[in-house]
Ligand SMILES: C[S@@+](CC[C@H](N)C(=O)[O-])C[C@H]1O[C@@H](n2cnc3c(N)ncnc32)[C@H](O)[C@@H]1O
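Presented below, as structure tokens, is a lone chain in the form predicted on its own.
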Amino acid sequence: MIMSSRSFLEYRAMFALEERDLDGVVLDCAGGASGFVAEAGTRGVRAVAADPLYAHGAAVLSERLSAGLEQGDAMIDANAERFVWTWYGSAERRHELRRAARRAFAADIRRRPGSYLAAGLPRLPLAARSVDLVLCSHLLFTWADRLDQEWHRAAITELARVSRGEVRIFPLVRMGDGEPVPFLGALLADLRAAGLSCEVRQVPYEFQRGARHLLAVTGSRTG
């Protein structure tokens, strides 16, 4: 899987975040090189990231991130027709945002290591209802060719367990081909049967063609 770094501005658009959404504690899972958490800290937003990669230390993460940026750019170049540049305006603007987010993350994980938890789905070492909002970017559904329906059910149930409010997941299409996830409908039915509320919402962001919706989940029965 590709380790990437996305900016605070990208997260605001991808997750349709308003000021009131950022009043509590926000969890970015899996955070990757979370430019969002780094920039949130400078804005007074209480945000933490979780990712198993944080166990490797800042130096290894820097190498992984460099490789991830190259992989991501190569994938975009090879599938140019599958991307829309309206939100960014240009490839240069996207590069600028991503590299600034990378620099912010690299500095912040050294300065505030406690904001980066070495942990991954589908089990998190967090208490039930311990955060106010969970954001999950480009893991669930993106990698549906590797992570099956049962894994997704367990991961979403876990994210809902730790949240007092919503879990927001973006995007809802697969990496590369941008095709819909075949098991999405069955998964939502499973989650609703387990007592979770699930709502698909359009967001003011599209880069991968067709990826302009998030899934909002609330109402875990656990905890």
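Just so you know, these numbers come straight off a predicted model, no measurement behind them. Quick note: we count residues from 1 along the sequence shown, nothing fancier.
The same protein has a further form, the form predicted together with the ligand, not shown here; the description that follows concerns it.
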Selected contact from 26, 156, 169, 29, since only one has a non-hydrogen atom within 4.5 angstroms of the ligand in the predicted bound form: 29
The ligand: the contacting residue among 182, 57, 178, 52 in the predicted bound form [heavy atom, 4.5 Å]: 52
Listed range touching the ligand, judged in the predicted bound form by heavy atoms within 4.5 Å, from 132 to 140, 84 to 92, 71 to 79, 105 to 113: 132 to 140
Three-residue site 8, 16 and 163 fully in contact with the ligand in the predicted bound form at 4.5 Å by heavy atom: no
Contact flag, residue 3 vs the ligand in the predicted bound form, heavy atom cut 4.5 Å: yes
The ligand contact in the predicted bound form: residue 97, any heavy atom under 4.5 Å: no
4.5 Å heavy atom contact, residue 121 to the ligand in the predicted bound form: yes
